[in-house]
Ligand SMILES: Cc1cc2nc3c(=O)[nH]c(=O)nc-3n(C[C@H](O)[C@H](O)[C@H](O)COP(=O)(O)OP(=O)(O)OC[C@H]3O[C@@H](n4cnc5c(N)ncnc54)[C@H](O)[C@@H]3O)c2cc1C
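As a starting point, one isolated chain is supplied in structure tokens, in the form predicted alone.
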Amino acid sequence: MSPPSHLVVIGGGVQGSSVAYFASQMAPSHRPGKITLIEANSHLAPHASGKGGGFMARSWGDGTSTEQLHHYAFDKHAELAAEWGLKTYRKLPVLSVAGEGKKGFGSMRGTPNWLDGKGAGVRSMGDGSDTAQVTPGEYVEAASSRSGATVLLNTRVVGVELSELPDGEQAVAGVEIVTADGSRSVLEADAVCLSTGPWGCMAEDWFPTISSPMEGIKSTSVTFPARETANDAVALFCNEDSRFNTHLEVYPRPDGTVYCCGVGGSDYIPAAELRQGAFLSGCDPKEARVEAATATLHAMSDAYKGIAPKSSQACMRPCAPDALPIMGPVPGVAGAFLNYAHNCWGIAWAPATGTAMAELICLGETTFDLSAFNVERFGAPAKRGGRGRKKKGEAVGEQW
């Protein structure tokens, strides 16, 4: 199999930048002639890839179809962090915290210095040998810059051009794009990879041979500023706190800031809305959940009482019905590949999923077992009239 002459990767987050990077690292004889990375917003990592916690755990997928992704990616993250000089990567232990209680913390060895409020106890979930963190925005910038890809920002893909093959199947011929000024054009390409997170359901509009059900779980997260006293590097997974309806995940970062998610009140965005581009240009946090996260942290930490959040944000977790990723080729369309729906593990799995997709695109096969993630597991699509891919100059798809 010959590598593509031009690979277009749609989506400038951690998944898209990983595909671009690992494709660029293939042997010269298998490397794409050109790689273009397209992002609809004004900067890379505008959604979950720039707003997520960046937590990873090597063994937390053991015994499941995603074990291979956890293992490979965890080890590769460490290699890349050293090679790229990432400042935000580090291994760190994890504690389970029962925060709703009246006694103080600190009785267990390893309890961080800033967990000094009232609670019901802590227990270890890992000593840091197989748990780590990275601030995902730094990873995305490093991967994209090292890929050598042409990066197109403020550019939306509105369709995929297909050509007919002699055997009756089809092949990617290009993508139609719309720039910020409204100009439309076709970018010729012989391979396209959709790394479009919750908006992956738009693949149904461009490739009507597939069914790609998706849901976006839109959640608020909060970042607290650094204190004068450095925080111990310990991540917390907190039990449900009925006082605030939260189940915080707390990640202190190397720069001293503290990132909190699991603040409750998530919204579930159906595929019908996502296919129309819902929240593609951004989404706002819920102020009530910011207040709940702040109250929860203040209850657990006297050190943080009186400290207001530095920032708050919201992003969407891309989730298929079975909570597994959608990865692999589009049946019947040569040069078309899907890589999305990575749920809460998209950042953690990125080196593995990027490697697997690069191998598929450039070699036609991969060393990873992706059988559980094939889009064909959802069966044939429901009949859709008047919609489809961009073909032969006729616009018939929604924007991404």
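Just so it is clear, the structure is predicted and the values come from calculations on it, not from any experiment. Heads up: residue numbers just count along the shown sequence, starting at 1.
Although not depicted, the form predicted together with this ligand is the subject of the following passage.
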Requested in this report: Indicate whether Pro32 is a 4.5 Å heavy atom neighbour of this ligand in the predicted complex.
Outcome: no
Query raised in the report: Would Val122 sit within 4.5 Å of this ligand in the predicted complex, counting heavy atoms only?
Result: no
Query raised in the report: Would Ala358 count as touching this ligand in the predicted complex under a 4.5 Å heavy atom rule?
Result: no
**Report entry** Any non-hydrogen atom of Pro46 within 4.5 angstroms of this ligand in the predicted complex
**Finding:** yes
Report summary line: With the partner omitted here, the residue among Ala235, Cys261, Val97, Cys283 that in the predicted complex has a heavy atom within 4.5 Å of this ligand is Cys261
**Report entry** Among the candidates Val290, Ala191, Cys315, Leu80, the residue which, in the predicted complex, approaches this ligand to within 4.5 Å (heavy atoms)
**Finding:** Cys315
Requested in this report: Just one of 22 to 30, 366 to 374, 59 to 67, 337 to 345 has residues with a heavy atom within 4.5 Å of this ligand in the predicted complex, so point it out.
Outcome: 337 to 345
Query raised in the report: Can you name the residues of 172 to 211 that have a heavy atom within 4.5 Å of this ligand in the predicted complex?
Result: Ser195, Thr196, Gly197, Pro198, Trp199, Met202, Trp206
